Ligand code: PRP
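For reference, the chain that follows is the form predicted on its own, supplied as structure tokens.
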């Protein structure tokens, strides 16, 4: 019984996002001393929880938008998540002590090139916007006194203006190539975005030494 309680106390769940950020985060974690088991890299393996080389530390692989939720509700103790997701959900249970300096991009307002010709963002009073970030979008425009009608989409944002769903979009922009290929142009920046380390505040109180150790190791890996 004592051994089981000790095992649970030492168990740590680390949430990582699927996709591009995962490829950038893994070398960083490896420099910090965390390597997932070999099957983690097998695309045919459908498991979502994996062991690592560190006893008691497991990795879960989930959608990027879900990392903040898993950590906030204590299903994971620590994770890697974009600052865009932290802004959108703004869970008070999440503590973000470290910018990992990966996954850098910008959250931008974009619209069709033709619309920009005789359109001045400073004169907007009402806008229709397709976005994955309705809360951030509403807050951004409300701060300017602009009413934003947000249509929630999870992808293919660039189609919204083409098909008349919304005149504008709010999305993440890296090089701007996708916007250009779809006849769109960025007209306003909402925020710089990068991936952050996020920790559950309650877990930080129950496992302070363990979590702080990994925060510092990852900080050293970022700065090294």
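Numbering follows the first chain given and starts at 1. Model, not experiment: these values are computed from the prediction.
What comes next is about the form predicted together with this ligand, which does not appear here.
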Requested in this report: Could you tell me which of 53-61, 174-182, 40-48, 192-200 sits within 4.5 Å of this ligand in the predicted complex, going by non-hydrogen atoms?
Outcome: 174-182
Query raised in the report: Is residue 155 close to this ligand in the predicted complex, meaning a heavy atom pair under 4.5 Å apart or at it?
Result: yes
Query raised in the report: So in the predicted complex, does any heavy atom of residue 77 sit within 4.5 Å of this ligand?
Result: no
Query raised in the report: Hey, in the predicted complex, is residue 140 touching this ligand, heavy atoms inside 4.5 Å?
Result: no
**Report entry** Partner proximity in the predicted complex: residue 20 to this ligand, non-hydrogen atom cutoff 4.5 Å
**Finding:** yes
Requested in this report: Would you give me the residues of 61-87 that have any heavy atom within 4.5 Å of this ligand in the predicted complex, in order from first to last?
Outcome: none
